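Only one chain is given next, in structure tokens, and it is the form predicted on its own.
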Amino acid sequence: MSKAPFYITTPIYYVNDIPHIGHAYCTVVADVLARYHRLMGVPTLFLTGVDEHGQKVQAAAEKRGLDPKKHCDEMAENFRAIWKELNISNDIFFRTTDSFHKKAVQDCLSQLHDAGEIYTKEYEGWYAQADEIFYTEKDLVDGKAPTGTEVTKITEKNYFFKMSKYQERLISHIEKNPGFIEPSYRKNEVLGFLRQPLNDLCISRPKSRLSWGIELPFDRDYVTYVWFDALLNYATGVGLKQSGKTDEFKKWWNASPSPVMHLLGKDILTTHSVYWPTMLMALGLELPRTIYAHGWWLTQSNEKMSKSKGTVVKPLDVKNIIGVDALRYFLSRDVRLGNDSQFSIELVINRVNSELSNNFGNLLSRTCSLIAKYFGGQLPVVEKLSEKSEALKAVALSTHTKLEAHLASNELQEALGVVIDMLTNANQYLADREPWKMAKTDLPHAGETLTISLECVRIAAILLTPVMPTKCEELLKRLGGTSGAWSEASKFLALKPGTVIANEAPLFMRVELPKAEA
């Protein structure tokens, strides 16, 4: 992978409720990608945070009987606490109520207003509060927003950004940059949207209707539309419109090629792939390298999880059953990035038991216990590798290269799959060679088998550290505190003969379904 900087962001999440499994999925995947880049020696920055302005947040605060800022403070801490529990390694936790962001947003608005990119007009449209978006008549589906939310007809004077001015330029950019919108089929959806007439973007809300927002610098009777405010976070978070941060902004944003990858849910792809790039074009800034839209977690009946239907899963509820690292593994491994997937505790437990307990954990436990039994807990000397050992060595040494190639294409599920394939090969190798039998008649043969098997465990621990940092670091300590550096995954027989190998409790315990309450 290139050593050019890598800057990854999640959406900043609305603070109208506590995080659910969809938030956790996006944040864990972004964290895993950030950790892989760091492990490979790539300068990396990871931003996540909360979106605190707008009508939904104001309504949520009113429902709780709180001042909006106090509501936001409490909700922001909920997100911080849950990300800490899930071992999220973000460098920046962004809040749109931060004073530097407010000033930067106003400076951007002033720049566009002064350049004639913003104008006023009377507007009539269908407003969906849940989406915080105006829709036209042709956008409605059975009298509702395309997302299925209720709409209200509103007529009012507002300020508009000349988004349509950049329609053809954006189409050209998407067509010339195949990796700009991923997966590729999402690119086709966006191009389909852009080949229809594109309206200008309403970027204000009158204070008479909404007071909780960033005031327009050129009209104190209005606040900024929440999406215009929120989208700018990715750039203000790394120095946009801030004194003394020119070099920082150039490194993490305004460079060519762009270091930026936005990871987000497919339901907010239009705002990120149409609103956001046209805003950047108007401001004279570089566009992100990749906008990657992931899918949704669905119920067992293939419906999107819904708070109103009581089908939303809380990540800490799952963590308390299977553990943090196992949850991180499931979220990273179970679905091809971009696709929808079912979520149930049964599916989680099956994945964890089959790949972590029965495969990875089993190989570690059997190998360590046999080394303890027949070699006094010390890694035996290997004089020469047999043909089968050489074959497994070849598989193990190719694993990090295959994983890296998948990561370069954002194929996280497939990247983890090559590690599991190596471990499956190692388990089969161990079963075929039966060192527990051979140790009685041919101790060197048994020692070779156990050492080769343990090398596969060591390599897997390095390659899976970004996914399961706590468990993999513990595993490497059991192997005599061996290095977890990325370069060590391309070495074989790196563990020295005589190294003390800890034979401890299973690293990944089998998980049982929680018993239903009587």
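Residues carry their position along the shown sequence, with the first being 1. It should be emphasised that the depicted structure is a prediction, and the values quoted were computed from it without experimental measurement.
In what follows, reference is made to the form predicted in complex with a small molecule, a form of this protein that is not presented.
Chemist: To verify the annotation, which of these, Y222, F160, Y234, F330, has a non-hydrogen atom within 4.5 Å of the small molecule in the predicted bound form?
Modeler: Contact residue from the list: Y234.
Chemist: Of the options H272, K187, R433, R289, which one has a non-hydrogen atom that comes within 4.5 Å of the small molecule in the predicted bound form?
Modeler: Going through each option in turn, the one that passes is H272.
Chemist: Is G295 a contact residue for the small molecule in the predicted bound form, using a 4.5 Å heavy atom cut-off?
Modeler: Yes, G295 sits close enough to the small molecule in the predicted bound form that at least one of its heavy atoms falls within 4.5 Å.
Chemist: Is there a heavy atom of H20 lying 4.5 Å or less from a heavy atom of the small molecule in the predicted bound form?
Modeler: Close contact exists here: in the predicted bound form, H20 approaches the small molecule to within 4.5 Å, heavy atoms only.
Chemist: Within a 4.5 Å heavy atom cut-off, is L264 in contact with the small molecule in the predicted bound form?
Modeler: Contact with the small molecule, yes.
Chemist: Taking any heavy atom pair closer than or equal to 4.5 Å as contact, tell me whether M305 reaches the small molecule in the predicted bound form.
Modeler: Yes - in the predicted bound form, heavy atoms of M305 and the small molecule come within 4.5 Å of each other.
Chemist: Please identify, from 162-170, 136-144, 226-234, 407-415, the stretch that has a heavy atom within 4.5 Å of the small molecule in the predicted bound form.
Modeler: That would be stretch 226-234.
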